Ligand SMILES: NC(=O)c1ccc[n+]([C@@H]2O[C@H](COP(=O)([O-])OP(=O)(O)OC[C@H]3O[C@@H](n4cnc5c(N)ncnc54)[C@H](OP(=O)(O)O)[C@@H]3O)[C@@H](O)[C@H]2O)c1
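One chain is shown next in structure tokens, namely the form predicted on its own.
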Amino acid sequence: MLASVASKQMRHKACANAIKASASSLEQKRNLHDLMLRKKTGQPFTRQGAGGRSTSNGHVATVFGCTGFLGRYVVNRLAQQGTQVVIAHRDPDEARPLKVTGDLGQIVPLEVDLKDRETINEVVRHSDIVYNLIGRDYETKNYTFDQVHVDGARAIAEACAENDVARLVHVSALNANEDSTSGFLRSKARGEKAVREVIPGATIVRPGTMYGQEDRFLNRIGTGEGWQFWVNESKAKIRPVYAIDVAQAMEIFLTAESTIGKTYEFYGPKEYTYEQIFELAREISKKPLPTYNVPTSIAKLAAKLVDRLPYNQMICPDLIERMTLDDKPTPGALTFADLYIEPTDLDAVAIQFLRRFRSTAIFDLPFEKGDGQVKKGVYHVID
């Protein structure tokens, strides 16, 4: 009897030891390489998990301009690799959809006002990297180009300096130049200068005209249906860039400290005139999409009158001026190639964004460059 009891106790003890050993093997073990240091500040951060959306890479990033076109892609890319992202916003309704881009607790929405320094400090104080994607295509009664692109950029940079933020990535614009004929591009250049005065190690990004699912470029063309106007006879040359490519580059900046203090210009691999873009849209949508060339002076006058209407407008005299300017990448500037990214060719992916403008009868037809049946130039009005 006693031997039987002893045998049972030994079996129970063996099972308990086996369970304990099994549980111990399932415990997450930390290795030395899980502890990493920021080279600039020496601040440590620890990775948890094998990587991916439901783990943590130890980084905390603040994204200004998160509800904009590029901002949504950047937040998604950061959150997908386990970064805790503070989304600095002005409208909770616009920021709410971004919460699903990361796991529970990884997306932290905080309200911010560019004219309130305390709110800026609040959203950057816990971050080791800050992305400033704020920009306006047109001025409003509340914010001018300089207030957004210069004063706002300087305020964010100063807040980063005061709170010992290790990295600042500032998004400017291709063609930014203090001597430009465009007020938008002049303010972007002054914004770069203001940021570098405060944080010389800031990374500056100059993207060209971006396209994607929710853009104001291809969508504006596809929905024109006879109301499209252009200036300079649609001869201005641009280098459209895929927003996903730019977001991928922004993701690389998170850990690539070799990019500190450098300026990158991101643009597509091919140069187009606006007329060529319209012709591509016609071939894909199988619609005439007529355009009307308007003299630049008349277009600016009309835009000035429209800009005075008592509600926000996306057409302003400065936008007309930008329509006349060619994209001029800086010779020798760092580009996608320096980050080992091959930019996407617009011809290869345009159907993804323009197919929805087709009629249902031809919706599923494939697209091959040059197969369009709409002849070029038929729908143009000569100045």
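What you are looking at is a predicted structure, and each value in this text was computed from that prediction instead of being measured. Numbering starts at 1 and runs along the sequence shown.
The protein also exists as the form predicted together with this ligand; that form is not presented, and the subsequent description refers to it.
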| property | result |
| --- | --- |
| Residue stretch of 194 to 202, 116 to 124, 167 to 175, 100 to 108 approaching this ligand in the model of the complex, non-hydrogen atom distance within 4.5 Å | 167 to 175 |
| This ligand in the model of the complex: contacted by all of 65, 133 and 136, heavy atom 4.5 Å | yes |
| Contact of residue 357 with this ligand in the model of the complex (heavy atom, 4.5 Å) | no |
| This ligand contact at residue 353 in the model of the complex, heavy atom, 4.5 Å | no |
| 4.5 Å heavy atom contact, residue 254 to this ligand in the model of the complex | no |
| Any non-hydrogen atom of residue 207 within 4.5 angstroms of this ligand in the model of the complex | yes |
| This ligand: the contacting residue among 289, 294, 280, 148 in the model of the complex [heavy atom, 4.5 Å] | 148 |
| Among the candidates 96, 270, 262, 90, the residue which, in the model of the complex, approaches this ligand to within 4.5 Å (heavy atoms) | 90 |
